[in-house]
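Just the one chain here, the form predicted on its own, laid out as structure tokens.
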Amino acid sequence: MQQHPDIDKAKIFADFSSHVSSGKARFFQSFQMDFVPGARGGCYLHDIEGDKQLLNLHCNGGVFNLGHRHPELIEVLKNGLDRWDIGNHHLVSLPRAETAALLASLMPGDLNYAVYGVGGGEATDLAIKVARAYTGKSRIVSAMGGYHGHTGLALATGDAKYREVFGPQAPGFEQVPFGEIDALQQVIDDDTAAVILETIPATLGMVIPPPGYLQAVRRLCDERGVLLILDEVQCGLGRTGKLWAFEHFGVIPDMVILGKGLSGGIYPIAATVLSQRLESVFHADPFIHVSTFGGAELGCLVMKRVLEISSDPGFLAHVNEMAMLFKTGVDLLLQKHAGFLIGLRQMGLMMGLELKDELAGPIFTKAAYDNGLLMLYANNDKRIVQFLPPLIIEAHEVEETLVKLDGALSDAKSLYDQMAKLS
């Protein structure tokens, strides 16, 4: 990419620091990561000055499952502007109806209703509201290290470090370790409305559920009259090689939370998918929950095309093909960098690189950046570096990624060893 002499990156950082977030600007400058995204397309981001390119292996948690500026989605949005706008959330809507009908057809069981939102946090809040309204109970059980958003009820399901600074904890929430069915069994009581879990907890480091765990959770919920909410904001839409990650485990939840990738990276939209019986919560007053921009008609047009692309059998076969290429390549890197690179957590293209300790994850994140890869360590387990390539990645880009990963691992280990000597 060519540089643009009219771009003043120092001023961008100064304005960002003064008017958006001084902490973020300071953080990136302290690690000499003065990257400002400019041109972008497919698997790549380019610096606004044009002098650096990053292969995006973070994808904003799955927002860019279909890459940056997917041409079909851009076309859908452009054409939609000839006829549609946000719409009115009080009224019946063709784009909302068609898109929800498609989503229902792609869901198992009687997951037939979609309540639209703008982001995953809002979708989580709605799921908790429905659970409490339907069951008449108040307690919500979630997993330690899980993450369901920064909004009110969603925030209450997460770890203390994300909420303590903002004041007292909302009542009625409890956390247990992910993967431990006995711990869950002990905390469920007669006032428990729902259990909410990420099918694969991303911020906890792409933890793959132990064999039989989710099935046991489903049975326990059924036995105790508790609803099961599965958050597929990051692991859904083909990320794991199946359209929905819970398909790998033979369970059907009562509610599914979707977001991020539904947007195609170009129009914010989220959805809470409800089992048929739960929609009765809105029978007495269908206007008791509204979202002005949730399910914007332009967003629904994009979401519909995202669902069509992501559910195509050829698309899912491609995801599994690329996943095998990554597994083969990382297996070789595990041998070459033994002791520093410990393991690979993987289900399809939902992956996490397991490093030796919590110092190694942040060091590797910087080394990856220096080698042209955008990757971030998992905030709730810094040993794990999240590895989320766009699902459209091709074989030659997998090869490029593996070469750069090799260089990043060598650089990170060298810096790690230097720091260990100094300490």
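Predicted model, so just to flag it, every value in this text is computed and none were measured. So that there is no doubt, residue numbering starts at 1 and follows the sequence shown.
Not pictured, yet referred to below: the form predicted together with a small molecule.
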Where does the small molecule sit in the predicted bound form: which of 86 to 94, 335 to 343, 181 to 189, 112 to 120, heavy atoms within 4.5 Å? 112 to 120
Give me the residue from R139, K304, R218, K260 that has a heavy atom within 4.5 Å of the small molecule in the predicted bound form. K260
Could you work out which of L349, V233, I229, A245 is the residue within 4.5 angstroms of the small molecule in the predicted bound form, going by heavy atoms? V233
is_contact(P209, the small molecule) in the predicted bound form, heavy atom dist at most 4.5 Å: no
Against the small molecule in the predicted bound form, would D254 count as a contact residue? Criterion: heavy atoms within 4.5 Å. no
So in the predicted bound form, does any heavy atom of R239 sit within 4.5 Å of the small molecule? no
Heavy atom to heavy atom, is G149 within 4.5 Å of the small molecule in the predicted bound form? yes
